[in-house]
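Encoded as structure tokens, the following chain is the form predicted on its own, with no partner shown.
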């Protein structure tokens, strides 16, 4: 089955694909402003602590399940089930993950379509096409629908090509490009007036807030969300890993890449916002908080680029190339989750399954576009704030309580024979059995009741 399903040809290819899945629009616009609004470096420290003490163990759980079962999320959890009750739970969690990730992709495609539109606007501006530029930057249903469809087509093209020729090939090209562009933009922005104020907002800690419950919960939620946990994306990628790979080492590298790029995004976004402030652009909302989310990308930063004169066009071009790459590397991992299920469950060809699932997600996306005010925030909140934490809890339960401990150890030993005597094995089983479920449940309770 492993050969038929496809497999990553190298560790580098897997790392680029997995880190691409983790590094998305939320990392670039959400993490920096979340840090600045929650104590600066105090939040950064807590985020890194949560990422490696809680999110990393949960990441390992998905990778281990995936490689052991060589299956999609539904099939994988079914294989681990011990009886009728856990099999029903496996079906629920697996299908809920597929529905959740499909809904996330449906709204993600809309925002990614905005990135494409603003990217083309840079070329329209260079060519002096004012009417085209105005249309590309206006928030209209027609524009949003067209670019959402274009973005979904790009995602479908990559996924239909398979694991090596699609996911691995493009992730291996796009992620290095993303990192290079990110570094170039950081270097340029840090030379501008106001950038140091942004660095202070990001890196100077307010330790009086470090142990506030709200900050801790926010840091934990950011860590789980940024590593794409809870919906089966890392499980699917783990199922394409060679049995020779050292899973603890690979998981550590994924976590390091994700947190490293999130940190670098902060070095770009926060200084950029304060450069905008120095140029007369408003960066705070009505409540006094820093503008975050789509408003940051389509309002604050474009206004900053306009103040840069002729250089602003090229900076904008580089920035929206960066955002488009981040969008695509995440979307391909999301679409792979339902596609893998259809291919393996119904013995359907990959291209046919990709077109079918991609078409269904596109239809949902268009429904949201034409009912934006009533549906967009609802879908975002229902999937990222409610469904993901709960699903992450169940993945931890399956590894910690349903799957036999010796079975888990034997799977890890395939690529790491000495792991039983390592610090990882002395700590991780306890974490995934007790600490991770309790921590994820704390996030879920916080969302519901507070």
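Bear in mind the structure is a predicted one, so any value in this text is a computation, not a measurement. Residue numbers count along the first chain shown, from 1.
Below, we turn to the form predicted in complex with ligand PFF, even though it does not appear here.
Asks: Picking from 310-318, 112-120, 230-238, 372-380, which part of the chain touches ligand PFF in the predicted bound form when contact means heavy atoms within 4.5 Å?
Replies: Heavy-atom contact with the partner occurs in 230-238.
Asks: With the partner left out here, check for me: in the predicted bound form, does some heavy atom of residue 25 sit within 4.5 Å of ligand PFF?
Replies: Result yes; residue 25 sits at the interface with ligand PFF in the predicted bound form.
Asks: Would residue 276 show up as a contact with ligand PFF in the predicted bound form if we use heavy atoms at 4.5 Å?
Replies: No, residue 276 is distant from the partner.
Asks: Taking the shortest heavy atom distance, is residue 333 within 4.5 Å of ligand PFF in the predicted bound form?
Replies: Yes, residue 333 is a contact residue.
Asks: Within a 4.5 Å heavy atom cut-off, is residue 202 in contact with ligand PFF in the predicted bound form?
Replies: Contact with ligand PFF, no.
Asks: In the predicted bound form, which of the listed residues (272, 155, 106, 226) lies with a heavy atom within 4.5 Å of ligand PFF?
Replies: Looking at the other structure, the residue within range turns out to be 226.
Asks: Note that ligand PFF is not shown here; using its position in the predicted bound form, name the residues of 381-408 with a heavy atom within 4.5 Å of it, in sequence order.
Replies: Sequence-ordered list has one entry, 388.
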